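In the form predicted on its own, a lone chain appears below as structure tokens.
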Amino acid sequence: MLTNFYDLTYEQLESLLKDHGFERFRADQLYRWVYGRRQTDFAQMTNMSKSVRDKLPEILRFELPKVVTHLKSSDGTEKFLFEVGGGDTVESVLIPADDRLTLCVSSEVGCNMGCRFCYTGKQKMKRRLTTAEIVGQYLTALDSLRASDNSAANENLAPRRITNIVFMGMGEPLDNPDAVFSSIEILHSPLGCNLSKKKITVSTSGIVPLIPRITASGARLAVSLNGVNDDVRSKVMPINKRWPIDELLESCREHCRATGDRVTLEYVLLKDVTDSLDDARALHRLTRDVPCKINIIPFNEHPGSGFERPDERQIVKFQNELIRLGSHVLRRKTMGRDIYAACGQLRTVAEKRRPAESHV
């Protein structure tokens, strides 16, 4: 059976080629052709001999997830629905900002964590994605940008590029660690996608024993906190019963000590659950000795959630109280709500759409 090229880190490709009698430098050539030039036709890889080009198709194949729908929000957010085989689908989201273009990628079909405020959490995890299916989300979004830029009327516009990647889509990244960290190697490799590891963030609901793998990978750490005590957090995030807040925050401190980075603590504002001024004060006390920034995220409503979004006045009060107390706090701008692309809204909904639908 042929090996999918996109499943292989550089070292794995070197090893595979060596096992088939090829020189190690062929991995360098292939990475440059495929990731640098986006060329997958062996016949066009002209710095390799014809005999090499003729043998490679007997070893490698190039297979990426297929786009089922590509939607664009009124605010410029783009959402891709990918088919990943067997009728399974996942979503990823391209989020524009003034100084960056961030791709939010998925790591699983569904999710095992069962967070009560998350739309994805209502769909049980069906399977974990492969490395190729994760890297493919980035490559497909990048190819889409390039095609769009090439067809733009104004050829003087600078080409767009994806500047940041966040593992904040469907699934818990640390529930699929091998594929996630292999994909980070490929995304970071200078011969691969050449993204700085400081531009890659892995978000976890709190699988404490695996947080050191994020530390070792060089990626940034984000943690879904979403409660100021174990009682509240356990109600909205069942994982807290396994790894409570004190253990989770200590793992964050250890990460910060090892890397010198701040951790991002994500905090969803749920009306009458996590949004009071007392909650803001408790959040400050809980996190003041953790090198962190706090991202407050007004809840993005979805069918059957059982939660409501606080009104704007309360959101502002909550943020201002944290600022007054001295917390480093940012409010995450809500993007893509009209196409269900906002934080906590991703779900596989292919059955409700016609194939190859595009609203771009």
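Please read these numbers as outputs of a predicted model, since none were measured by experiment. Just count from 1 along the sequence shown to find any residue number.
From this point on, the text means the form predicted together with a small molecule, which you will not see here.
The closest non-hydrogen atom of Ser92 lies beyond 4.5 Å of the small molecule in the predicted complex. By the criterion of a heavy atom within 4.5 Å, His70 is excluded from the residues contacting the small molecule in the predicted complex.
The small molecule in the predicted complex comes within 4.5 Å of no heavy atom belonging to Phe82.
None of the heavy atoms of Ile294 is located within 4.5 Å of the small molecule in the predicted complex. Picking from 181-189, 197-205, 137-145, 276-284 the stretch near the small molecule in the predicted complex, with a 4.5 Å limit on heavy atoms, gives 197-205. For the candidate set Leu129, Ile214, Val268, Ile165, a heavy atom within 4.5 Å of the small molecule in the predicted complex is found for exactly one residue, namely Val268.
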